[in-house]
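Encoded as structure tokens, the following chain is the form predicted on its own, with no partner shown.
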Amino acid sequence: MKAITWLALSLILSASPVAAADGISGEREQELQNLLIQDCGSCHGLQMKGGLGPALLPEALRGKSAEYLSTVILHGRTGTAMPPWRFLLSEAEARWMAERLLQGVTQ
């Protein structure tokens, strides 16, 4: 099942427009928002209150920078279930996602 999810996600993201150096298109933002809800939510809970992975609510992330979170998103966490997403996301996209998590804008 997990392989099917990764394959489907790979196909969706590979067909998506790549984020421009100066910003991310509105269409791509919607795709990233869906990724946050569906894929991140599958481990962190659909409301980001935690599950297999820790909570990703702003109060749980207090003291963590967008740079730190985007690094975790891109490179994963060794010894945990957190996979690296660097093969599917650009640095700008990971940063966009990290900023949404810090702002609590995941729904």
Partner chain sequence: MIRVIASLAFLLLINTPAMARGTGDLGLFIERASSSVQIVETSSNTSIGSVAGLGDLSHASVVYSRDQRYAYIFGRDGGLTKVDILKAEISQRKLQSGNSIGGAISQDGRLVAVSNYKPGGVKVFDADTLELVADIPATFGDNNQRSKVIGLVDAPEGKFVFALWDAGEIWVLDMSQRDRPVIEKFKNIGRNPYDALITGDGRYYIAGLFGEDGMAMLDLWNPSAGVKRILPDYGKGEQKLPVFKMPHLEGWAVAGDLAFVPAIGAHEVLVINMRDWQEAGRIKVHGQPIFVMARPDGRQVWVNFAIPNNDTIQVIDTQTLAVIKQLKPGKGVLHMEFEPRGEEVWLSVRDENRVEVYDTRSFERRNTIPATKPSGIFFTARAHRIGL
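Residue numbers count along the first chain shown, from 1. Everything quoted here is computed from the prediction, not taken from an experiment.
Missing here is the form predicted in complex with the partner chain; even so, the following discussion is about that form.
> Do Gly23 and the partner chain come within 4.5 Å of each other in the predicted bound form, heavy atoms counted?
Gly23: no, not in contact with the partner chain in the predicted bound form.
> Check Lys49 for me: does it contact the partner chain in the predicted bound form (non-hydrogen atoms, 4.5 angstroms)?
Result yes; Lys49 sits at the interface with the partner chain in the predicted bound form.
> How about Glu29 - does it come within 4.5 Å of the partner chain in the predicted bound form, if we only consider non-hydrogen atoms?
Looking in the predicted bound form, residue contacts with the partner chain do not include Glu29, since no heavy atom lies within 4.5 Å.
> Give a yes or no for Leu88: in the predicted bound form, does one of its heavy atoms lie within 4.5 Å of a heavy atom belonging to the partner chain?
Leu88 belongs to the contact set for the partner chain.
> Can you work out whether the partner chain is within 4.5 angstroms of a heavy atom in all three of Pro58, Thr71 and Thr106 in the predicted bound form?
Result no, not one residue of the spot touches the partner chain.
> Counting only heavy atoms, which residues in 75-92 are within 4.5 Å of the partner chain in the predicted bound form?
Read in sequence order, the residues that approach the partner chain (within 4.5 Å, in the predicted bound form) are Thr80, Ala81, Pro83, Pro84, Trp85, Phe87, Leu88.
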